[in-house]
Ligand code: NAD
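Here you get one chain, nothing else, as structure tokens; it is the form predicted on its own.
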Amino acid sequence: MSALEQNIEKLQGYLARFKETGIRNRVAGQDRGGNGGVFQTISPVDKSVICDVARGDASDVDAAAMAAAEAFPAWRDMPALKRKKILLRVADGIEARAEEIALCECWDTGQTLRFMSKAALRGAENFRYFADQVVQARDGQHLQSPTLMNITTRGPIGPVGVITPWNTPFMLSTWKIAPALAAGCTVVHKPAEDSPLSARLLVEIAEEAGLPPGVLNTVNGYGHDAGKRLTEHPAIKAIAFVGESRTGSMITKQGADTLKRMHLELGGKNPVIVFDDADLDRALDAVIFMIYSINGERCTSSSRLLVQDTIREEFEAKLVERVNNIKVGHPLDPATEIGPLVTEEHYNKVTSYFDIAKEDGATIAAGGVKVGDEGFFIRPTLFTNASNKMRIAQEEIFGPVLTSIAFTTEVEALEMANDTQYGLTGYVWTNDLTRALRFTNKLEAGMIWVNSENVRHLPTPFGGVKASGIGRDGGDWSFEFYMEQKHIGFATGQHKIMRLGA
């Protein structure tokens, strides 16, 4: 039996219970159906129905928010070391079920096993990292003044809403939920309707690890009803959202009346700038990895290649050869490098850019075609002879599609890199240190890597500028979002107090 056949057999075993019972919402430690009925989650591999999913509506969100509010005081006041032990057990539980998480997520999203197997373990790493920060999360400062001993401390903000996307749902959920729980917040999680399987696995693992009922609640549903109610609910003190910039703007408006704190991780049209003095072999590897891994469906993908004109022809020729050699196939095959796009709607959006590129005058140098009709597969695609004003250079396609644009000077490259509504990441390839310092200083992006692909380090801030978001994940930045700062001043003596009406 091949590795693919073995993985399919294992997957069928994991999915059996979902096919039988469907995915139900989890509120206050209890399963409940959705008052909006059910919807179906579809596998992009073969368009088959995976299972029914409870469709939560406003009333389901109300119940989850009340459960989170009721569970909050006990979770907030639980001794830090006890909370830490629970979160470490969650990490252990994720590691124990990593294969199940990865296989289910591949089938639900179309992501390949070579990436999702690591994503599941990254989820455990997220819980372990933030568990280790629990004790000092509330630590503050001692700020002496002439008359007062001033101290600061932090406490959890309260019940929070977490709304996560479909591209790498388990890992991104843990990025948000782990620090929220570590801070002492309770959570209502609304996963993306297009990939609900792993959210169910996460809440099961958390409760089996000893997380009290109501501390983590999961409500499935659509953005226009369940998501809208979550962002408007007065018991929910903050919203952590990952998704499209347009949706981020919408939920900000929805949360305005209750003065919700918002953390928005949004879209990107990220540049990778390759100068002619760079290590071109390593740059080539990084360019390919950062747009074609994870099916190109990630916010930090380097979807615009800005390449110096002195090396453009040679670099693009090597790029075409490599792109044409990328293996598209079944996501559970360990050899597969690109799987199907997540839904038919997204597949239609991505493939529409093939005609848009031609209309704008670009060249389809590789790919630009659909693969079969069983699922939502396309060939990885490269557009050349493009300008930065074309739609393919300005709009977030969110698929395995790269647009190559030539530049002549450093000034021109910087202007093009910044000429976008987005500002999430940037990647700079040069062996000139002073150029790297100049360029990164003026590049409009929240995260920049020099001579590297995206290598995530959990203590560092993760987030963007402009239309790419508000706020930062990672390290103490996460706690700044999920916690409120408090100042207390203690008089150190009998300082003079102005007397009025004496």
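The numbering used is simple: start at 1 and walk along the sequence shown. This structure is a prediction, so every number in the text was calculated from the model and none was measured.
Keep in mind the form predicted in complex with the named molecule is missing from the figure; the text below concerns it.
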Margin query: Can you work out which of Val401, Ile163, Cys104, Ala206 has a heavy atom no more than 4.5 Å from the named molecule in the predicted complex?
Written below: Ile163
Margin query: Going by heavy atom distances of 4.5 angstroms or less, which of Gly368, Gly329, Gly223, Gly93 would be at the interface with the named molecule in the predicted complex?
Written below: Gly223
Margin query: Please pick out the stretch from 243-251, 285-293, 178-186, 317-325 that is in contact with the named molecule in the predicted complex, where contact means heavy atoms within 4.5 Å.
Written below: 243-251
Checklist line | Non-hydrogen atom within 4.5 angstroms of the named molecule in the predicted complex for each of Asn167, Lys190 and Gly227 | finding: yes
Next item on the list: Find out whether any non-hydrogen atom of Gly423 is located within 4.5 angstroms of the named molecule in the predicted complex, and reply yes or no.
Entry: no
Check: Should Thr231 be classed as touching the named molecule in the predicted complex when contacts are defined as heavy atoms within 4.5 Å?
Finding: yes
Check: Hey, in the predicted complex, does Pro156 get a heavy atom within 4.5 angstroms of the named molecule?
Finding: no
Notebook entry, point to check: Within a 4.5 Å heavy atom cut-off, is Gly214 in contact with the named molecule in the predicted complex?
Noted result: no
Item checked: Residues within 4.5 Å of the named molecule in the predicted complex, restricted to 258-274 and counted by heavy atom -> Glu265, Leu266, Gly267, Gly268
